[in-house]
Structures are given as structure tokens and as C-alpha cells.
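Below sits a lone chain in C-alpha cells, taken as the form predicted on its own.
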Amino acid sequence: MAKNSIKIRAKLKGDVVTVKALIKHPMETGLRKNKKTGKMIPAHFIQNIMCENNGKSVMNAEWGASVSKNPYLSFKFKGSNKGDTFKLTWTDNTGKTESNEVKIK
């Protein structure tokens, strides 16, 4: 995957952090055919999303082939402060992994 394929915003309001992330990924199911060649496009999708706040897990998701291309993820959690580090890491079915981190605003 290309560098910076994960865009993250993490904003603290009161005692709740709202995380919004956009991930650039093809999310192929393995069920589509290439229109030019007629061959099946191999499955290529994110299987695991792990989110950490200062190294402590705050969310873990198992995804499958049914998630759309360039998925958007949004969730909220408590127990953080402005300036803390939030990290999102994904791993796909081919073994590739990527992560990005931001400071909570």
C-alpha cells in the first residue's frame, strides 16, 4: 500500500474522544472478474483493525471481504487527554500491515 493510506482525526470533547479514520485500500472480495481478461480478481481485504491510546488497546475489529473499498471508521472512547498518542494499525489477508498515529486534539 502507498504511504499515508490512513487518515486519522482524534478529537477530545469533554471526556470522550471521537476518532474518524479513512483507509485507502482496494477491499477486493475475490468474487469479481476483471472485465478485460475475464479472470477472477484475487481477494485482498483488511482483516484486522487495532486501535491504541498511548499503547493501550481501545478497539479491535475483525473485518471480512464485505467491507467496501476505502473504508471509513468512526468510534468514541473515554480515558484520554489532549496530546495523547492515538495509533491505528490494519493487517490485510495478504499479510501486509500499515499504521498511522496522531496526537489527540
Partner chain sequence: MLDRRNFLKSSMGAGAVAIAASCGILTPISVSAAWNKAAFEAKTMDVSGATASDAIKIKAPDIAENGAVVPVTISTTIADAESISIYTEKNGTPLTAVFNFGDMTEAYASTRIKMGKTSNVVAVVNAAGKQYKAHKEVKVTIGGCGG
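These numbers come from a predicted model, not from an experiment. Positions refer to the first chain, counted from 1.
Below, we turn to the form predicted in complex with the partner chain, even though it does not appear here.
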Heavy atom distance at most 4.5 Å to the partner chain in the model of the complex, all of 27, 52 and 64: yes
Can you work out whether residue 69 and the partner chain are in contact in the model of the complex, taking contact to mean some heavy atom pair no more than 4.5 Å apart? yes
Whether residue 60 contacts the partner chain in the model of the complex should be assessed with a 4.5 Å heavy atom distance threshold; does it? yes
So, residue 37 and the partner chain: in the model of the complex, are they within 4.5 Å at any heavy atom pair? no
Just checking whether residue 91 would be counted as a contact of the partner chain in the model of the complex - the rule being heavy atoms within 4.5 angstroms. yes
